[in-house]
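What follows is a single chain, given as structure tokens, in the form predicted on its own.
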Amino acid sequence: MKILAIDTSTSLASIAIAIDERVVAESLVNTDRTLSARLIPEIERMLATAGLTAADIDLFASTIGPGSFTGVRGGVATIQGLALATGKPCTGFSSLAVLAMNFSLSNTLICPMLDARKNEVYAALYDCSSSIPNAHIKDCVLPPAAFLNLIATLTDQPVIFLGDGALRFSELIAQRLGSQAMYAPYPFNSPHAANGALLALHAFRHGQLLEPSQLLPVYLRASDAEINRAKG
């Protein structure tokens, strides 16, 4: 099973190619404001590095959010296009689950947190003690203080925080949770598409594949354009 997975939920896009459970190529690319110009060339470079073409890929996978509206939409559209062009299936995965998997097999609870702007975070709480994360608090968008209150009511066990939202609100996390909170070293604050490839393989093995038209973004909240349109 040859899998091409991408994560475009943040300004640091990640692309990975895996054959079953073996990663054969992966890259991290800063695509802030340049996603459309850099994503396809980088996918082509990764395919060449792995000695493959798009036609060789059996399954295409993309993050479906939450995260940057533009990034998630661009990544989903790219994977839809590749799946349509090759006649292959696709699947989607949570950007927060992929980020949490930087600590796979950890017995400590993992809290991926992305900056959602407007003084909110995209966040979840995962048990990553197995290779596939299990959500104790599902992906949501909340003010950080409200999300930290959820954690405090759920557990008094240590929690590892990671992601750009955890970096931005680290002082608030420390104030609310004190020594219960631990912080990931900086290399672990970025999502890796290789984790998405593992989630895609899991989806394949459980018959959870999609037609390209069924792969849809999950934003968790309305975009500014939608809010403004609703206001008239």
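As the structure is a prediction and not an experimental result, all values here were calculated from the model. The first residue of the shown sequence is 1; numbering continues from there.
From this point on, the text means the form predicted in complex with another copy of the chain, which you will not see here.
> Pick from 43, 184, 203, 64: which residue has any heavy atom within 4.5 angstroms of another copy of the chain in the model of the complex?
Contact with another copy of the chain in the model of the complex is made by 184 alone.
> Under a 4.5 Å heavy atom criterion, is residue 101 part of the interface with another copy of the chain in the model of the complex?
Yes, residue 101 sits close enough to another copy of the chain in the model of the complex that at least one of its heavy atoms falls within 4.5 Å.
> Taking 4.5 angstroms as the cut-off for heavy atoms, does residue 170 touch another copy of the chain in the model of the complex?
Looking in the model of the complex, residue contacts with another copy of the chain do not include residue 170, since no heavy atom lies within 4.5 Å.
> Even though another copy of the chain is not shown here, does residue 195 get within 4.5 Å of it in the model of the complex, heavy atoms only?
Close contact exists here: in the model of the complex, residue 195 approaches another copy of the chain to within 4.5 Å, heavy atoms only.
> My question is simply whether residue 29 lines the interface with another copy of the chain in the model of the complex - judged by any non-hydrogen atom within 4.5 Å.
Yes, contact at 4.5 Å.
> Quick one: which of 34-42, 170-178, 65-73, 52-60 gets within 4.5 Å of another copy of the chain in the model of the complex, going by heavy atoms?
Going by heavy atoms within 4.5 Å, the stretch is 34-42.
> Counting only heavy atoms and a 4.5 Å cut-off, does another copy of the chain in the model of the complex sit next to every one of 77, 123 and 219?
None of them does, since no heavy atom lies within 4.5 Å of the partner.
> Hey, which residues along 1-24 are within 4.5 angstroms of another copy of the chain in the model of the complex, non-hydrogen atoms only?
Those in contact are 12, 18, 21, 22, 23, 24.
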